[in-house]
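Heads up, the chain below is alone and in the form predicted on its own; it's given as structure tokens.
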Amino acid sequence: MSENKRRDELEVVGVEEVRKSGLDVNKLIDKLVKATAAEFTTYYYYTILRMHLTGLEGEGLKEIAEDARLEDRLHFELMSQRVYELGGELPRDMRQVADVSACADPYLPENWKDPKTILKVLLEAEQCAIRTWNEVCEMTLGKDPRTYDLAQRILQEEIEHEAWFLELLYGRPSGHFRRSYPGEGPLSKKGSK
């Protein structure tokens, strides 16, 4: 292979095998960029939401919001790597990240002094993430084992986050357990370097 060959002309066996499986790699990259952008913007907005969980009731919720926040950052980092492995790239301008996000921005609600309003925003963000990562799993099942593995790990943690917020809002049991350390990401961490 000539050293003068352009980057996009290089034979990348991992990408060729995904193409051979019938998966449109460009559509996959587009979906992953949008999903990854959602994880990053969620991380950003969760920082603000967590800061506004105040008072006696809010203070007890911060740890759970912090776990979800840090795990969303881990999801961003985990799947960003896959985007580049497939020959894609993330937006070079931060303003574009929010524009391409697969999910709506989880803005701080007007009535933020009521922690339940913040919990509802957190819940909606997790539900969008579940839908998004489920689509990635459906798209890659049996066609791209690496992306599928990473996406299903993220999906499992997003489902767990949803359960946490449902428990807090509606008293529905979730099986939430304390992480060994904030943002541990017990499932997605296994897939990262």
Partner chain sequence: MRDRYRKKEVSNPLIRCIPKDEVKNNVLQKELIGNTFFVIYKSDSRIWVISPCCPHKGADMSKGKVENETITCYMHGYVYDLNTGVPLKIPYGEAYGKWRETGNLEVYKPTIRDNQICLDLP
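Remember, it's a predicted structure, so these values are computed and weren't measured experimentally. Residue numbers count along the first chain shown, from 1.
Just so you know, the form predicted in complex with its partner chain exists too; it's not on screen, but the next bit is about it.
- Contact annotation for R50: none of its heavy atoms lies within 4.5 Å of its partner chain in the model of the complex.
- Under a 4.5 angstroms non-hydrogen atom cutoff, its partner chain in the model of the complex has A102 among its neighbouring residues.
- Among heavy atoms of C128, some come within 4.5 Å of its partner chain in the model of the complex.
- Proximity of Y107 to its partner chain in the model of the complex falls within the 4.5 Å heavy atom cutoff.
- The listed set E135, E57, E63, E167 contains one residue whose heavy atoms approach its partner chain in the model of the complex to within 4.5 Å, identified as E135.
- Of the candidate stretches 81-89, 110-118, 68-76, 94-102, only 94-102 has residues whose heavy atoms lie within 4.5 Å of its partner chain in the model of the complex.
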